[in-house]
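Single chain ahead, written as structure tokens, the form predicted alone.
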Amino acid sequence: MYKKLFKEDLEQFTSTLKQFGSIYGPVKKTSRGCEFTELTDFKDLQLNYTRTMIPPKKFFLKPKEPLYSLNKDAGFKEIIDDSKTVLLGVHSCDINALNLLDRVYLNQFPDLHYKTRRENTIIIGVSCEPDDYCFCTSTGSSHALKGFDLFLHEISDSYIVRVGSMKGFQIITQNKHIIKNPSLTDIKEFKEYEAERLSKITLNLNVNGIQDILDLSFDHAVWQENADICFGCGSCNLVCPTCRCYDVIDYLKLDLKNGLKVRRWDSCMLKQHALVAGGLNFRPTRVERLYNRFNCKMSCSEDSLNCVGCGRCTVYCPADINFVEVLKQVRED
């Protein structure tokens, strides 16, 4: 279903979303970009942003969260966050990243914490403002077919609203006084705007056969060259919308009777990530960890690339390691 929402009615439309939960959207925080934060003033909403540093996955797989409370006598008690949330302004690449995380956390062994948040969250997508670091057309992530409730495609004075779920249909129904049917002129303009947006994504990465190429390039000099300048800080993992490695730690209070079992994000670029009992480390060197990360992002372990072409790892790398240029060098050689 396709509808139309005038930009002048966006504030009114946003106010009606409060009944579905706390509203979070992209808000300008620093000179380098926006951050998804709770929207207390509509004027702070920045829908024409390029990317946030930390992706929206933080609402579903939190950077640090308690899983269980521990008590010597009562045992474990699971801690479930069932708060309602509305994410307004999520880009196609991040929606596709969440679809990938769904296959990890919901398919064979559903993660109750992730599942509860996913069910309690309304996702409203918006068309993006690409820059020179975006390569989502190469990874097939420039358009989201599912994983959202509504999607706002910007045209001149309006948004073409794509309905993606029954929750989205419910929102549209409750806003029928401001939601209109698009005309043929609107649809033509929608196609023109989408074509223009995609034309701005000029960075391309040939991913055909990239898995085989990487498997055969373990000894390529590019890994050592970049490992020599890499800080091993793990920033690329922290900003990646598809990275999902985590560690679980028990925190015991001084009374030795109570505590918490906590999950927190982990990074394969950190030396201790591959450290196991007995002191064995499967990837003791930085060059091995760097190669592993690139190999992981270009793998199809969940039936799709583990990279959505958002460009975050390049933009926020303190060592200026360019993800696409490294892969191009491997392919060319």
Partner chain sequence: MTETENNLKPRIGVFSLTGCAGDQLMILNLEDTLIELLSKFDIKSFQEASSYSENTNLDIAFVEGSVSTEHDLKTLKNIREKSSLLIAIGDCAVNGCVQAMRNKQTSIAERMIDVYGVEDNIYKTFEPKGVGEYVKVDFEIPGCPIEKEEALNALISLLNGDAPLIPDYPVCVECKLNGYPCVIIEEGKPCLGPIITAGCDARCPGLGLDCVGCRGPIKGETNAKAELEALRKRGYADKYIINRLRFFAGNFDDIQILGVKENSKGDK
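Residue numbers count along the first chain shown, from 1. The model shown is predicted, which means the values in this text are computed figures rather than measured ones.
Although not depicted, the form predicted together with its partner chain is the subject of the following passage.
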property	result
Option from 212 to 220, 243 to 251, 86 to 94, 172 to 180 whose residues, in the predicted complex, bring a heavy atom within 4.5 Å of its partner chain	243 to 251
Partner contact for K72 in the predicted complex: its partner chain, 4.5 angstroms, heavy atom	yes
4.5 angstroms heavy atom contact with its partner chain in the predicted complex for Y316	yes
Distance check, L67 to its partner chain in the predicted complex, heavy atom within 4.5 Å	no
Interface membership of V27, its partner chain in the predicted complex, 4.5 Å heavy atom rule	no
Listed residue that, although its partner chain is not shown, lies within 4.5 Å of it in the predicted complex (heavy atoms), from Q272, N48, T40, T37	Q272
M53, P63 and D228 each touching its partner chain in the predicted complex (heavy atom, 4.5 Å)	yes
Residues from 237 to 268 in contact with its partner chain (non-hydrogen atom within 4.5 Å) in the predicted complex	L238, V239, I249, Y251, L252, K253, L254, D255, L256, R264, W265
